[in-house]
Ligand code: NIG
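We begin with a single chain expressed as structure tokens, specifically the form predicted alone.
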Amino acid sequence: MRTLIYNIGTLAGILPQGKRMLAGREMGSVGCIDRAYLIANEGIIEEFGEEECLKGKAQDKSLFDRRIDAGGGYVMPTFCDSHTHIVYAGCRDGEFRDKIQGLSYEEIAARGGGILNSADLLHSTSEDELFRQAMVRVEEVMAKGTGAVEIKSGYGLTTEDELKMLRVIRRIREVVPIEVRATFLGAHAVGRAWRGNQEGYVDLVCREMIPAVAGEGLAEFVDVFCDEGFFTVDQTARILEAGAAHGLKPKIHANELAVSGGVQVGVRYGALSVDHLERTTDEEIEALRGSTTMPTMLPGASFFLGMPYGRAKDYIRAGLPVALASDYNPGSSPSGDMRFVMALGCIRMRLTPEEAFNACTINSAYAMGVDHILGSITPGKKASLIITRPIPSLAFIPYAHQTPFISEVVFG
């Protein structure tokens, strides 16, 4: 099927083939063509350019199976959300009241709440019901312009319940038109049955959970919550080594609650991304220099929990790339709206609209291993596109972040 999108006011997010990410000053520019067209063939971007180059092709009915009039709006790549926990049961609105009363994330966790509450509820929820609830959230983020999503386990905390979550993620991947990547996060917290025996739980993750996950081919990545009150650097290293032995590439939760050493251990083991980074020093910036690890910040969690925002601007000034993701989860960021993430990047992290756009598209695509097929307007990539209503500029998207801006989302 050959599709023509014409009457494009601005085609935004153009990158050459082979460009995997943008770093430093590169993040401050977005490749654009005004008054443009784009042709996709079998869901893959075939060509694009200035509309005047179409000449008479637009009127030749034999050339295209479908024509989409962009109505003078922007056409841009869909958002890529490289850090979510959207497979969970129920919600944690009761803890929302606790937060309003002044309890911190750490205090709620210390009282046995937080992740453990989600694990209790997930345990009593069937796989079919878990899939039904998760699909509501997946359809929600698709409608908001997300074309790729990484989904973590981590609310199981037993072998069987972790496998249940990952099977649900596999089912999602099989029925949606967007790209889905799965991450095993058995080391999200210590399961209730292992309280007081954290090393024993780490043994369970390494010796039983990881082989079972790999045996069913349920995940691409392994993740660890390497932070104060959760898992240590040494425990993280053990889990990453076990994951690598079974073909799982590392991703790390690091430095959300304290300067934990998670960035350094992630870089040492070649993590695709280190995520959160609300509390980092210049040492983390230096550790990331010359690495292939994408620093990924989650401003939705900072917004919801009242925590510091990541030092994205300092990372960019140091010549590093930065990705932004939603952290969609029931306890610390119950939203998967990547446009709002982009807005927080601008409003609270002082990124330019161009930097925030690149952080939510090509760099977040890299952070979940899909930059070869998504994240930019590039020949050969999937035609996963947001068509906007007519808007005055790219900056309007984060500036007027509650004004409806999407006319249509095309997933290949």
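Here the structure is a predicted model, which is why all the values come from computation and not from measurement. A residue's number is simply how far along the shown sequence it sits, counting from 1.
In what follows, reference is made to the form predicted in complex with ligand NIG, a form of this protein that is not presented.
Trainee: Give me the residue from T183, S332, T280, T293 that has a heavy atom within 4.5 Å of ligand NIG in the predicted bound form.
Mentor: Only one listed residue qualifies here, and that residue is S332.
Trainee: Within a 4.5 Å heavy atom cut-off, is I115 in contact with ligand NIG in the predicted bound form?
Mentor: Output for I115 is yes: heavy atoms within 4.5 Å of ligand NIG.
Trainee: Are any of the heavy atoms in H85 no more than 4.5 Å from a heavy atom of ligand NIG in the predicted bound form?
Mentor: Within the cut-off, so yes.
Trainee: Report whether the minimum heavy atom distance between Y155 and ligand NIG in the predicted bound form is within 4.5 Å.
Mentor: Although ligand NIG is absent here, Y155 would touch it in the predicted bound form, with heavy atoms inside 4.5 Å.
Trainee: Against ligand NIG in the predicted bound form, would Y201 count as a contact residue? Criterion: heavy atoms within 4.5 Å.
Mentor: Taking the distances in the predicted bound form, the answer for Y201 is no, it never comes within 4.5 Å of ligand NIG.
Trainee: Establish, in the predicted bound form, whether K144, E179 and K381 all lie within 4.5 Å of ligand NIG, using non-hydrogen atoms for the distance.
Mentor: Zero of three within 4.5 Å in the predicted bound form.
Trainee: Choose one stretch from 121-129, 207-215, 193-201, 250-258: the one whose residues place a heavy atom within 4.5 angstroms of ligand NIG in the predicted bound form.
Mentor: The contacting stretch here is 250-258.
Trainee: Within 4.5 Å of ligand NIG in the predicted bound form, counting any non-hydrogen atom, which residues from 274-313 show up?
Mentor: Result: H276 alone.
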